[in-house]
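Shown here is one chain on its own, the form predicted alone, set out as structure tokens.
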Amino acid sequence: MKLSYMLGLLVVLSAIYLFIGNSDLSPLDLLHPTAIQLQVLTVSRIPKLVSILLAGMSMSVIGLIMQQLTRNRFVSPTTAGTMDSARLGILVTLMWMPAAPPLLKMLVAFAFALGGTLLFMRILEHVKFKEPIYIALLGLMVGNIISSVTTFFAYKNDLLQNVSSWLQGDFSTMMKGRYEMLYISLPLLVIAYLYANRFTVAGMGEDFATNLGLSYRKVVNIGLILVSSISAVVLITVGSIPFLGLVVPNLVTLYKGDDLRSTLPHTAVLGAVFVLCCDILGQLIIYPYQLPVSLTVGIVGSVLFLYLLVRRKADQT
């Protein structure tokens, strides 16, 4: 699919999204809006839309970067222990710095996310079997161990409900004054695009990258820092969104190939479209109530993930 078509679809869906919700607001109302309608639009609808676009683009792009660096299409922040480690960092701030501002929580979550991702990469270096599905299972095991530690200390300190709230990605609480931290992801996405060619070369292996004069470890570390920082920002602001960084990059590479510079814009736009469609579905399916976006993304993403598994098996036979 051409990028222009996806951008057009994103614009149309964004316009539709602004007029979906409990408060009555239609395009005709914008001709002579009341004070309440303007408040609904500027305080709630637009912040929710912006947060959806930023979170969708960010999580899809870092999923693509992780898959490129690990040379594994089944690796993502949710299957490599990155998000679980960030959640452990949030628990640490709740235990020792309960009054910490969101920015400090984000920095601590970033440090833990980076540590968890580096741990997974170090384990990956010592694994003899490089079958993609085994590597993904290894990442899930590492993430579950970290999650178990988080649950244990959360239960021990009576913080289980607080930590559980970070498990569900939800845009219903995104309002003016609560979503602005997501703007941190914009310069990080620009850096990801500037380093796209280096990530592509690094994904071909350390020996190949070194022979081309690339500082392999430096590029990998930059990629992991981008992944960890964006994961922390999205988790602190929105919560965890499963399958997003796993499914969207795979769908894009099916028709665009492995060149990161050309696939990255498609991945970002498709990620935003995917999350926007899932959130619209979550608002309409039991209207006037709203399902968390993590639930709708999880259901749709799991179906697409099964399709990718079946397709991969069919390609091998």
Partner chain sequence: MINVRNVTKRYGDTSVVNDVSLEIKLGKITSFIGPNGAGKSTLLSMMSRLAAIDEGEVVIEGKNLAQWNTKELARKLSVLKQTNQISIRLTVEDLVAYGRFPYSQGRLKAEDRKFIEEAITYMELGPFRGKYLDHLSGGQRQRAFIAMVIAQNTDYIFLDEPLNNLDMKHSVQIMRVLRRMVDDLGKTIVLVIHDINFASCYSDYIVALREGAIVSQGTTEEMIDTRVLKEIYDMTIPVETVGGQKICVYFS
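Numbering follows the first chain given and starts at 1. Owing to the predicted nature of the structure, the values given are computational and were not obtained by experimental measurement.
Unshown form predicted together with its partner chain; subsequent notes refer to it.
Participant: Give a yes or no on whether each residue among T42, D170 and R178 has a heavy atom within 4.5 Å of its partner chain in the model of the complex.
Facilitator: No: no residue has a heavy atom within 4.5 Å of the partner.
Participant: Heavy atoms, 4.5 Å, its partner chain in the model of the complex: which of 30-38, 254-262, 43-51, 287-295 makes the cut? Say which one.
Facilitator: Result for this chain: 254-262.
Participant: At 4.5 Å between heavy atoms, is F208 in contact with its partner chain in the model of the complex?
Facilitator: The answer is yes: F208 has a heavy atom within 4.5 Å of its partner chain.
Participant: Residue-level contact is defined here as any heavy atom of the residue lying within 4.5 Å of its partner chain in the model of the complex; does Q68 satisfy this criterion?
Facilitator: Yes, Q68 sits close enough to its partner chain in the model of the complex that at least one of its heavy atoms falls within 4.5 Å.
Participant: Using heavy atoms and a 4.5 Å limit, would one call R73 a contact residue for its partner chain in the model of the complex?
Facilitator: Judged by the heavy-atom cut-off of 4.5 Å, R73 is in contact with its partner chain in the model of the complex.
Participant: In the model of the complex, does I225 have a heavy atom within 4.5 Å of its partner chain?
Facilitator: No, I225 sits far enough from its partner chain in the model of the complex that none of its heavy atoms falls within 4.5 Å.
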